[in-house]
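Take a look at this single chain in structure tokens; it is the form predicted alone.
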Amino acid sequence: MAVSNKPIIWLLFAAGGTFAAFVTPVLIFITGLALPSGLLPAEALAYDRVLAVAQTQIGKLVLFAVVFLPVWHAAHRLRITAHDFGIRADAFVKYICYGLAATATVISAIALFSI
């Protein structure tokens, strides 16, 4: 039987899509609607409070998931979209899309763990 990395890519794709579908609308509501309209107090997302959350291990893990999972979902979507547009150099597109996702993952990990 041939060894494949498809299960890993599909896991990241599905997890990123699920995360983006459930968490991103909530984040948009909080930062785009609730705070500006006054439903939440203005100090709810004050810099010192957000920094305090980002300095905890769970806060770092959550912020990492906010970046990591949707990036891998988007990478796979872009790969499939390139194929739909007629770009048939799949190996090249795969390395570009997943390479950018891996780079974003490493950069976000370094940035979060340096806080």
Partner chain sequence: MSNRIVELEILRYNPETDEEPKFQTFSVPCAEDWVVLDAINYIKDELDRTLSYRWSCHMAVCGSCGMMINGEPMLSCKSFLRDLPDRIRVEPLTNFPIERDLVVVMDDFMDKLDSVKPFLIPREEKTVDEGEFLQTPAQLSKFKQYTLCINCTLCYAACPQYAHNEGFVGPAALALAHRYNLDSRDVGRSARADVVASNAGIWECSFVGACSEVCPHGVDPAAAIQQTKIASSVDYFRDMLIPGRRS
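Bear in mind the structure is a predicted one, so any value in this text is a computation, not a measurement. Positions refer to the first chain, counted from 1.
Not pictured, yet referred to below: the form predicted together with its partner chain.
- Although the partner is absent here, Ile107 lies well away from its partner chain in the predicted bound form, with no heavy atom inside 4.5 Å.
- In the predicted bound form, Asp84 approaches its partner chain with a heavy atom inside 4.5 Å.
- Within this chain, Ile8 lines the site of its partner chain in the predicted bound form, having a heavy atom no more than 4.5 Å away.
- Contact between Val66 and its partner chain in the predicted bound form is not found at the 4.5 Å heavy atom cutoff.
- For its partner chain in the predicted bound form, the listed stretch (55 to 63, 38 to 46, 23 to 31, 72 to 80) containing residues with heavy atoms inside 4.5 Å is 72 to 80.
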